[in-house]
Every structure is written in structure tokens, then in C-alpha cells.
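Take a look at this single chain, the form predicted alone, given in C-alpha cells.
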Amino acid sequence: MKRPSEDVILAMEDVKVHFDMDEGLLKAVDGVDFVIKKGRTLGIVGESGCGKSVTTNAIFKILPKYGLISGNIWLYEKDGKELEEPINIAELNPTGDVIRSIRGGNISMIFQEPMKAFSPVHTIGNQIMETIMLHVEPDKKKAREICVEALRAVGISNPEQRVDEYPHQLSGGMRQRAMIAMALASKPSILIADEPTTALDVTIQAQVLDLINNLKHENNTSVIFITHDLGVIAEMSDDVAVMYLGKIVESCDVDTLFYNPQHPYTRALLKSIPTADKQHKGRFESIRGTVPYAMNLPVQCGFCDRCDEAIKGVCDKGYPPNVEIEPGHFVRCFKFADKGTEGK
């Protein structure tokens, strides 16, 4: 697979993740395409259940055994060097040596709930040191020193003491910082942040976001940032992919998303954001209905039943194409079927 450009280090091509269940086929991710560029943040935004976390779990190869993955996930760099032949992560054995060398090394993840991600019976230091000894420094004494410095880098006070504490001894904000320290200790090329500020108070949220941004700029790390908060997307992202029902319905740079949104779902999301406008009266706008369950769906646009701009006989009769309406701006909507050029 030819590298799209020198700044692209990972590319997803028509990635699908389906779960074969007793009730039918659950299409959690249904044909996702995007690229990750060096030193840039891709924000993935959408309502709960749209497939954001499953998409990144596919990159990390931590899907349940009954998850069926297809498509390609091309990795073009490993250990900071371009690969002669890119690795297709989608085809790797999830417990094999190759993915184990990538997971936690080249690609790290900050999980949504650190209390679940950390083992409760091992100290924070032991768990971070395990990653360091596997990917960076096999010597235990030196790994501990790196661990202490990683905790210090994320703003944890008295890291020499904290390194020997258990997860339950730390506050929510401290656990999240420890999770970030573990993710960044191996100096990954790609950092996946899966709603890392969930359940944190606003002060700690701001500190965590600043921390990720600072470390990104210092190490030229690429970031995939998953959230449902468009305010966080505006602050953190360079590029944005809006997901709905397992598909990316709009993708562009962050300025275009906020100043020139084109998909009806994106526009509805932006209109539903509360503002500090004192002249605002009445109820805030909301998107009617709920996200359909991604199983046994009819052949139509997934947003059709909730869309005020839906065209009868068109939107409910097939899947909309993904159209590049201007360079780098893709929209999956029948309104643009005759405009621009069709992408993947």
C-alpha cells in the first residue's frame, strides 16, 4: 500500500467492525476512512453509540472475540522510522508479537475510565514500569526512574511517593494524569485519547487538555481525540471527523467545521450548543428523535428519520455517497451527490 503522503503515519480504509449477535448483525463501525498526520490532532465527535470508541479499539486491536473487522488499517512508521512495507493492523493477530510491539509503544491509549483500566491490586508504578520495560528500558531500576519522571511531567506532586501507591489512593484527576503518564512514557507516535476528561471537574479537565496539547507539541505526537464535546474539539483539534451511526458523515479541518458546516447532522450539533448570549430566550434547539440501534437497519441514510432536510424518495432509498465538495472537505449527504468528486 503506497503511503498517501510523507506526513501520514496511519490510514484507515473502509474499516468495518460488525458484531454477530443472536438478534442480528450489529454494525458498530460501517466503512470508516481517515488518515492520521504527524503532529496533528484528529478529533472524532458524535453522540454516544455512534462508533467512536470502537473505531479506535480496532486500531488498538482490543475488540471482543466476536467482533468481525474488515478493511485496512495501514501503519507507515514504527519506532520513528518509515517501514519498507506498511503493516496492516487489521490483519494482525490481536495477541501476536507484532501488535504487542505496536500497542503501548508506537500507539498508546488514554482510556475513558482509569479506575477500570488500572489493576486495583498493583501499584501505579508497577503498571507504568511494565510498559516502559516492554518498549523502552528493560532494566527495572532505570525503568522506575523513567516512571517517576513521567509522573512528574504530568504534574503529579511528590512522584517518588505516588509511584508506590495503588489506584484507589489517588483522586480521579490524579488517576487520569497517571493514565496519561503511562500512555506517554514510551513516547508513542500516536496517542489515542478516549474522552479523557469524562467525570473530571472543569479545573482538572482544563489541566488535562493543556497537558495533552503541550506534550503533543513537545514530542510531535499525533493525537486521536474522541469526545462528544464540540467545545473541546474547537480547542484541541486540527482536523475533525463527525461520526453518526458507524459512518463519518463529515470530515474537514476544524475551522471549516465551525464556520462552514455542510452536513445536516453537523449543523444540528452546532445549533444545540448552549451559549452565553444574554439575548437568547426560550428553549435551546435539539435534534429530534434518538440514534437508531445499529442492527437490521433499512437501506437509507442513517440520519434520514431525524433530518429536517431529508428528501423523500431519495434519502430513504439508499446510502448517500461521500463527496469531496472542496479540497479536504468530505460530506456524506445526498444534497451533494452531484457536486464535487466522490471519495471513499
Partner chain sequence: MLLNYILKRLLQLIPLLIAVSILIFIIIQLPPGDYLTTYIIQLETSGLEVNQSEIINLTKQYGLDKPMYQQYLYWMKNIITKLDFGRSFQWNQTVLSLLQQRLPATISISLLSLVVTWAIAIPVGIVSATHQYSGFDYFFQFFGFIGMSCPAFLLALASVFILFKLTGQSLTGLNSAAFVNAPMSWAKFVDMLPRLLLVIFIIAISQTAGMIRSMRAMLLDELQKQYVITARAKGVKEKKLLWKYPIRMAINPQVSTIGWVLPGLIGGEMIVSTVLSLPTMGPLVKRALTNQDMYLAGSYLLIVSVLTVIGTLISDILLAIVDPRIKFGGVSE
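Computed from a predicted model, the values in this text were never measured in an experiment. Positions refer to the first chain, counted from 1.
Unshown form predicted together with the partner chain; subsequent notes refer to it.
Enquirer: Does R144 reach the partner chain in the model of the complex, with heavy atoms at most 4.5 Å apart?
Expert: Residue-level check for R144: no, no contact with the partner chain.
Enquirer: Does any part of A117 reach within 4.5 Å of the partner chain in the model of the complex? Heavy atoms only, please.
Expert: Result yes; A117 sits at the interface with the partner chain in the model of the complex.
Enquirer: So in the model of the complex, is the partner chain close enough to R100 to count as touching (4.5 Å, heavy atoms)?
Expert: Result yes; R100 sits at the interface with the partner chain in the model of the complex.
Enquirer: Can you check whether L83 is within 4.5 Å of the partner chain in the model of the complex, heavy atom basis?
Expert: Looking in the model of the complex, residue contacts with the partner chain do not include L83, since no heavy atom lies within 4.5 Å.
Enquirer: Flag this candidate site as yes only if Q161, Q176 and L215 all have a heavy atom within 4.5 Å of the partner chain in the model of the complex; otherwise mark no.
Expert: No, the candidate spot makes no contact with the partner chain.
Enquirer: Sort through 218 to 226, 69 to 77, 83 to 91, 165 to 173 and report the only stretch with a non-hydrogen atom within 4.5 Å of the partner chain in the model of the complex.
Expert: Residues of 165 to 173 come within 4.5 Å of the partner.
Enquirer: Could you list which residues of 110 to 140 come within 4.5 Å of the partner chain in the model of the complex, counting heavy atoms only?
Expert: Residues within 4.5 Å: F111, M115, K116, A117, F118, S119, P120, V121, H122, N126, Q127, E130, T131, L134, H135.
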